[in-house]
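The chain below stands alone and is given in structure tokens; this is the form predicted alone.
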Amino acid sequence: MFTLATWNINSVRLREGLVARLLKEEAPDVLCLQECKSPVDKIPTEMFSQLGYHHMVARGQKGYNGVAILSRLPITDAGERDYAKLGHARHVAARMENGVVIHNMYIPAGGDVPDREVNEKFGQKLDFVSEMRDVFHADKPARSIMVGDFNIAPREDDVWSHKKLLKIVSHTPIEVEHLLAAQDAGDWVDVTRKDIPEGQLYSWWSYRARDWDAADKGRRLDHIWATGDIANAAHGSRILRDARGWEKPSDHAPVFASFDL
């Protein structure tokens, strides 16, 4: 069995201490980070290594994007794909010794206006997710886990107000449609919702709210998916809401799941 967590850290160098706290207190076997905002050689691997995380597979760039997979268990680099040809470090994959492949994804946020005619970033987001769908159609994933900041809250109870967010980027019908098509193409199971099928569930709260906890205007943007052949091995999903209240936090909370594999 292993436990996996995914967290948009919003700068791994700025929040090195928070990553260390998570690794010490929660001790997942594998931690997937997004928005590392660092070239790979500047990621603070020494500190992770001291905590027992001797393995890392990552892709980075200066100041933006960036994805890393830290592990206590041996992993090997399984490559990356430049989705939508953006030239961004938004995907990396690692293979575990049991053959399971972990994909760490950071889907573009998509800007503020949900219209590709006036907002290029929204078009890039849709193209990115469409390419995910096409890749999964062409090469059906198996024994795979895909996690990350997908920047889309698909269900009505994945946001604080379905009605108020229908025209807000991250919950628009076209984004949800694209994400569900990608999910369907790869026979992916939303592990978090398999384990927690009912009720409001969030992993992100805006920095703009004066009291994020009291306002609780959250969205579930961070996901753990598994292919149908191994999804039943997943259990114990949770979102570590408390981490959003740590000092100088990321605006995302870590999402966890365990796998009997």
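Numbering starts at 1 and runs along the sequence shown. Treat the numbers as computed from the prediction; the structure is a model and nothing was measured.
There is another form of this protein, the form predicted in complex with the DNA, and it is not shown here; the text below is about that form.
### Query
Would H235 count as a contact of the DNA in the model of the complex, using a 4.5 angstroms cut-off between non-hydrogen atoms?
Heavy-atom contact with the DNA at 4.5 Å: absent for H235.
### Task
Decide whether D222 counts as a contact residue for the DNA in the model of the complex under a heavy atom distance cut-off of 4.5 Å.
Because no heavy atom of D222 falls inside 4.5 Å of the DNA in the model of the complex, the answer is no.
### Message
in the model of the complex, is there a heavy atom of the DNA that lies within 4.5 Å of any heavy atom of K248, even though the partner is absent here?
### Response
Because a heavy atom of K248 falls inside 4.5 Å of the DNA in the model of the complex, the answer is yes.
### Query
Taking heavy atoms and a 4.5 Å cut-off, does R90 contact the DNA in the model of the complex?
Yes - in the model of the complex, heavy atoms of R90 and the DNA come within 4.5 Å of each other.
### Message
If the cut-off is 4.5 angstroms on heavy atoms, which of these, K85, K121, H137, R155, is the one near the DNA in the model of the complex?
### Response
Of the listed residues, the single hit is K121.
### Query
Just one of A109, V189, L165, V101 has a heavy atom within 4.5 angstroms of the DNA in the model of the complex, so which one?
Of A109, V189, L165, V101, the residue with a heavy atom within 4.5 Å of the DNA in the model of the complex is A109.
### Task
Mind telling me which stretch in 48-56, 63-71, 195-203, 25-33 gets its heavy atoms within 4.5 Å of the DNA in the model of the complex?
Comparing against the DNA in the model of the complex, the contact stretch is 63-71.
### R133, H178 and Q183 each touching the DNA in the model of the complex (heavy atom, 4.5 Å)
Contact check failed for every one of R133, H178 and Q183.
### Message
Under the 4.5 Å heavy atom criterion, name the residues of 2-19 that approach the DNA in the model of the complex, in sequence order.
### Response
Contacts from 2-19: N10, S11, L14, R15.
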